[in-house]
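A single chain, nothing else alongside it, follows as C-alpha coordinates in the form predicted on its own.
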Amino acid sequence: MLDKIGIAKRIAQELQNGYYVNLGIGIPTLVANYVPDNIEVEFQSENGVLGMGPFPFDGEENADLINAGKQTITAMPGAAFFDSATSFAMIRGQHVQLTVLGAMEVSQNGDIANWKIPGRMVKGMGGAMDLVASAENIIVAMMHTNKAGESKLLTDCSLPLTGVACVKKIVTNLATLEIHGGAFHLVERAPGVSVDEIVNATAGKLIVPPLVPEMQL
(Lines give C-alpha, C1' and ligand atoms only; values in the text may rest on other atoms or scores of the structure.)
Protein backbone atom coordinates (compact mmCIF):
# COMPACT_ATOMS: atom_id res chain seq x y z
CA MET A 1 0.00 0.00 0.00
CA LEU A 2 1.02 3.64 -0.36
CA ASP A 3 2.30 6.02 2.28
CA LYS A 4 1.48 9.74 2.22
CA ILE A 5 4.27 10.44 -0.25
CA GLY A 6 2.98 7.72 -2.57
CA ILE A 7 -0.49 9.26 -2.51
CA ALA A 8 0.99 12.67 -3.36
CA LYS A 9 3.03 11.20 -6.23
CA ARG A 10 -0.06 9.55 -7.71
CA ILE A 11 -2.08 12.77 -7.50
CA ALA A 12 0.76 14.69 -9.14
CA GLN A 13 0.08 12.57 -12.25
CA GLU A 14 -3.30 14.34 -12.51
CA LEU A 15 -1.69 17.76 -13.03
CA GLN A 16 -2.02 19.32 -16.46
CA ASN A 17 0.05 22.03 -18.06
CA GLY A 18 -1.14 25.53 -17.19
CA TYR A 19 -3.38 24.48 -14.29
CA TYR A 20 -3.95 26.71 -11.28
CA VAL A 21 -4.07 24.26 -8.36
CA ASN A 22 -5.12 24.67 -4.74
CA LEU A 23 -3.60 22.25 -2.25
CA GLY A 24 -5.39 21.64 1.04
CA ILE A 25 -3.81 20.98 4.42
CA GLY A 26 -2.12 17.63 5.10
CA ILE A 27 -1.27 15.10 2.38
CA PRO A 28 -2.27 17.49 -0.47
CA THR A 29 0.58 19.91 0.36
CA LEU A 30 3.07 17.17 -0.57
CA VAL A 31 1.91 17.21 -4.20
CA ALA A 32 4.00 20.35 -4.84
CA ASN A 33 7.15 18.26 -4.33
CA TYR A 34 6.36 15.83 -7.18
CA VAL A 35 5.32 17.91 -10.20
CA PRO A 36 6.36 16.06 -13.39
CA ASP A 37 9.30 17.67 -15.21
CA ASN A 38 7.29 18.34 -18.35
CA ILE A 39 4.43 20.09 -16.52
CA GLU A 40 4.15 23.74 -15.44
CA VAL A 41 1.44 24.57 -12.91
CA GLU A 42 0.76 27.41 -10.47
CA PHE A 43 -0.05 26.40 -6.90
CA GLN A 44 -2.44 28.71 -5.08
CA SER A 45 -2.92 29.01 -1.33
CA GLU A 46 -5.99 30.70 0.12
CA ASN A 47 -3.91 32.79 2.52
CA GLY A 48 -2.79 34.78 -0.53
CA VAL A 49 -0.04 33.08 -2.53
CA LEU A 50 0.07 32.18 -6.21
CA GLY A 51 3.23 30.41 -7.30
CA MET A 52 4.06 28.17 -4.34
CA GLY A 53 7.04 25.89 -4.78
CA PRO A 54 8.09 22.72 -2.92
CA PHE A 55 8.84 22.68 0.79
CA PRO A 56 12.17 24.30 1.73
CA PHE A 57 15.19 22.27 2.79
CA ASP A 58 16.13 22.27 6.48
CA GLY A 59 17.80 25.54 7.38
CA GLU A 60 16.35 27.41 4.39
CA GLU A 61 12.91 28.13 5.87
CA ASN A 62 11.46 31.65 5.86
CA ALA A 63 8.99 32.04 8.72
CA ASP A 64 7.16 34.79 6.80
CA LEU A 65 6.50 32.54 3.81
CA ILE A 66 3.81 30.01 4.70
CA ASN A 67 0.84 28.19 3.20
CA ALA A 68 -2.71 28.03 4.56
CA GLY A 69 -1.65 25.25 6.94
CA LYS A 70 1.07 27.49 8.43
CA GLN A 71 3.83 25.35 6.94
CA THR A 72 6.89 27.12 5.56
CA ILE A 73 7.03 27.01 1.77
CA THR A 74 9.12 28.27 -1.12
CA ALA A 75 8.03 30.63 -3.88
CA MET A 76 8.66 30.07 -7.57
CA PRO A 77 10.03 32.87 -9.80
CA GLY A 78 7.19 35.29 -10.54
CA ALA A 79 5.12 34.30 -7.50
CA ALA A 80 2.48 36.79 -6.35
CA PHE A 81 1.28 37.67 -2.86
CA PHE A 82 -2.10 39.25 -2.11
CA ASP A 83 -4.83 39.52 0.51
CA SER A 84 -7.40 36.85 1.36
CA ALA A 85 -10.18 38.77 -0.38
CA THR A 86 -8.33 38.52 -3.69
CA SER A 87 -7.46 34.89 -3.03
CA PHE A 88 -11.07 33.91 -2.41
CA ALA A 89 -12.17 35.93 -5.43
CA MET A 90 -9.96 33.59 -7.46
CA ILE A 91 -11.56 30.56 -5.82
CA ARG A 92 -15.17 31.75 -5.98
CA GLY A 93 -14.68 32.99 -9.52
CA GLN A 94 -13.68 29.44 -10.56
CA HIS A 95 -10.19 30.43 -11.66
CA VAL A 96 -8.66 27.37 -9.99
CA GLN A 97 -8.71 24.32 -12.28
CA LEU A 98 -7.91 21.65 -9.68
CA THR A 99 -8.44 21.41 -5.93
CA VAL A 100 -6.79 18.68 -3.84
CA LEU A 101 -8.23 18.18 -0.36
CA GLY A 102 -7.87 15.82 2.56
CA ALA A 103 -10.98 14.24 4.04
CA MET A 104 -12.26 12.45 7.11
CA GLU A 105 -15.10 10.84 5.13
CA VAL A 106 -16.37 10.71 1.53
CA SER A 107 -19.72 9.27 0.48
CA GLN A 108 -20.57 7.29 -2.65
CA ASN A 109 -22.51 10.34 -3.83
CA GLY A 110 -19.36 12.51 -3.70
CA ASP A 111 -20.17 14.28 -0.44
CA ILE A 112 -17.13 15.26 1.64
CA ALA A 113 -16.66 15.78 5.38
CA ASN A 114 -13.27 17.24 6.22
CA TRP A 115 -13.59 20.09 8.68
CA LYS A 116 -15.08 18.99 12.01
CA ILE A 117 -15.47 16.06 14.38
CA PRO A 118 -18.26 16.84 16.88
CA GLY A 119 -17.01 17.20 20.43
CA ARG A 120 -13.47 18.09 19.43
CA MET A 121 -11.88 21.52 19.28
CA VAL A 122 -11.73 22.97 15.79
CA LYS A 123 -9.99 26.15 14.66
CA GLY A 124 -12.50 26.75 11.88
CA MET A 125 -13.51 25.51 8.46
CA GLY A 126 -10.75 27.40 6.64
CA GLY A 127 -11.30 27.72 2.91
CA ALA A 128 -12.66 24.22 2.34
CA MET A 129 -16.32 25.18 1.99
CA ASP A 130 -15.52 27.88 -0.58
CA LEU A 131 -13.28 25.47 -2.47
CA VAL A 132 -15.81 22.64 -2.70
CA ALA A 133 -18.62 25.04 -3.63
CA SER A 134 -16.62 26.63 -6.45
CA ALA A 135 -14.32 23.95 -7.83
CA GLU A 136 -15.34 21.70 -10.70
CA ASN A 137 -12.43 19.28 -10.34
CA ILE A 138 -11.83 17.98 -6.80
CA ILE A 139 -9.47 15.16 -5.91
CA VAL A 140 -9.38 13.84 -2.35
CA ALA A 141 -6.16 12.54 -0.80
CA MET A 142 -6.85 10.34 2.21
CA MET A 143 -6.25 7.09 4.02
CA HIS A 144 -8.81 4.45 3.08
CA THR A 145 -9.63 3.65 6.72
CA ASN A 146 -9.40 5.50 10.03
CA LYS A 147 -7.15 4.58 12.96
CA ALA A 148 -9.74 2.07 14.15
CA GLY A 149 -9.65 0.31 10.79
CA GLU A 150 -13.11 1.57 9.80
CA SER A 151 -13.80 2.62 6.22
CA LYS A 152 -13.76 6.32 5.37
CA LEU A 153 -15.49 5.64 2.03
CA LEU A 154 -19.13 5.40 3.06
CA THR A 155 -22.67 5.13 1.80
CA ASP A 156 -23.41 8.38 3.65
CA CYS A 157 -21.08 10.61 5.66
CA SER A 158 -21.67 10.60 9.41
CA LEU A 159 -19.69 13.79 10.11
CA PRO A 160 -20.82 17.37 9.31
CA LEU A 161 -20.58 17.91 5.57
CA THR A 162 -18.20 20.34 3.92
CA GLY A 163 -19.72 19.91 0.47
CA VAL A 164 -22.36 17.87 -1.35
CA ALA A 165 -21.83 15.78 -4.49
CA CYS A 166 -18.58 17.55 -5.34
CA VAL A 167 -15.78 14.96 -5.20
CA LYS A 168 -14.78 13.45 -8.56
CA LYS A 169 -11.76 11.32 -7.69
CA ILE A 170 -10.09 9.83 -4.60
CA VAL A 171 -6.55 8.57 -4.12
CA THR A 172 -6.01 6.54 -0.96
CA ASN A 173 -3.22 4.35 0.39
CA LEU A 174 -5.05 1.41 -1.24
CA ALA A 175 -6.52 2.64 -4.51
CA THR A 176 -7.52 5.26 -7.02
CA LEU A 177 -11.29 5.61 -7.33
CA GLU A 178 -13.71 7.76 -9.29
CA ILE A 179 -17.21 8.76 -8.15
CA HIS A 180 -20.16 8.84 -10.51
CA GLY A 181 -23.62 7.33 -10.68
CA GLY A 182 -23.88 7.17 -6.88
CA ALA A 183 -20.98 4.74 -6.47
CA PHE A 184 -17.23 4.43 -6.07
CA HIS A 185 -15.56 3.02 -9.19
CA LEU A 186 -12.25 1.26 -8.70
CA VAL A 187 -9.66 2.53 -11.21
CA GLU A 188 -6.30 1.32 -9.87
CA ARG A 189 -4.81 -0.75 -7.07
CA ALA A 190 -1.90 0.49 -4.99
CA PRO A 191 1.25 -1.62 -5.42
CA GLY A 192 0.91 -4.92 -3.59
CA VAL A 193 -2.78 -4.39 -2.74
CA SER A 194 -5.43 -6.90 -3.85
CA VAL A 195 -8.92 -6.11 -5.06
CA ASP A 196 -10.33 -8.04 -2.10
CA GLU A 197 -8.47 -5.79 0.35
CA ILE A 198 -10.01 -2.73 -1.28
CA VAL A 199 -13.50 -4.26 -1.32
CA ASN A 200 -13.24 -5.16 2.37
CA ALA A 201 -12.05 -1.65 3.27
CA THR A 202 -14.84 0.14 1.40
CA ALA A 203 -18.20 0.54 3.14
CA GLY A 204 -19.97 2.37 0.31
CA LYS A 205 -21.12 0.92 -3.00
CA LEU A 206 -18.05 -0.09 -5.00
CA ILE A 207 -18.04 -0.99 -8.70
CA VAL A 208 -15.12 -3.26 -9.60
CA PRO A 209 -14.23 -3.78 -13.30
CA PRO A 210 -12.98 -7.18 -14.53
CA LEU A 211 -9.39 -5.91 -14.70
CA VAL A 212 -7.93 -3.46 -12.18
CA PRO A 213 -4.40 -2.32 -13.06
CA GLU A 214 -1.73 -1.54 -10.49
CA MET A 215 -0.67 2.09 -10.07
CA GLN A 216 2.49 3.16 -11.85
CA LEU A 217 4.40 5.69 -9.73
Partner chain sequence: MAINKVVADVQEACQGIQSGMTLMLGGFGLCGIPENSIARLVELGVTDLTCISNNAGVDDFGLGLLLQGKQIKKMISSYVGENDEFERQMLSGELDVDLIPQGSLAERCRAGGAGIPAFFTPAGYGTEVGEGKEVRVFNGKPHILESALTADFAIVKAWKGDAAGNLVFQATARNFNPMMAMAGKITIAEVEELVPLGELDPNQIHTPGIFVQRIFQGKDYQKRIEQKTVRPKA
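We call the rigid core the largest set of C-alpha positions that still match within 1.5 Å between the two forms. Positions refer to the first chain, counted from 1. A quick note: this is a predicted structure, and the numbers were derived from the prediction, not measured.
From this point on, the text means the form predicted in complex with the partner chain, which you will not see here.
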Should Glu60 be counted as a contact of the partner chain in the predicted bound form, where contact means heavy atoms within 4.5 Å? yes
Heavy atom of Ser107 within 4.5 Å of the partner chain in the predicted bound form: no
Would you check, heavy atoms only and a 4.5 Å threshold, whether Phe55 touches the partner chain in the predicted bound form? yes
Please determine whether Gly102 contacts the partner chain in the predicted bound form, using a 4.5 Å cut-off between heavy atoms. no
Counting only heavy atoms and a 4.5 Å cutoff, which of 46 to 54, 170 to 178, 150 to 158, 30 to 38 contacts the partner chain in the predicted bound form? 46 to 54
On the criterion of a non-hydrogen atom at 4.5 angstroms or closer, are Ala68, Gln71 and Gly163 all touching the partner chain in the predicted bound form? yes
Of the residues spanning 1 to 33, the ones with some heavy atom within 4.5 Å of the partner chain in the predicted bound form are none
Aligning on the rigid core, do we see the C-alpha of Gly48 shift 2 angstroms or more between the shown form and the other one? no
